[in-house]
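Consider the single chain below, provided in structure tokens and representing the form predicted alone.
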């Protein structure tokens, strides 16, 4: 089953071909992360998984173990996109045990 998702679309839109006015982290990307990721990667430091904070742009693009969750303009370098598209049960995000499910975008 394909995991083509809104997050992937948002990351792809955040490219050098798109002006900064066209895509906003707060307006376009953060709501998707809030609905699907911030339960584990949000403001609650005591509950945050993997020391990854996705509720702020600076947190989302910060380096963790040599990789960043979001690399603006470089979706293939963005760990978040790699994890969302993964078929590996140990690395896929959100994990299969999570109550949230990302919707699938049309091919």
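Residue numbers count along the first chain shown, from 1. In this text the structure is predicted, and so the values were computed from the model without any measurement.
Form predicted in complex with a small molecule: not shown, discussed below.
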| property | result |
| --- | --- |
| Close approach of residue 31 to the small molecule in the model of the complex, 4.5 Å, heavy atom | no |
| 4.5 Å heavy atom contact, residue 61 to the small molecule in the model of the complex | no |
| is_contact(residue 77, the small molecule) in the model of the complex, heavy atom dist at most 4.5 Å | no |
| Close approach of residue 44 to the small molecule in the model of the complex, 4.5 Å, heavy atom | no |
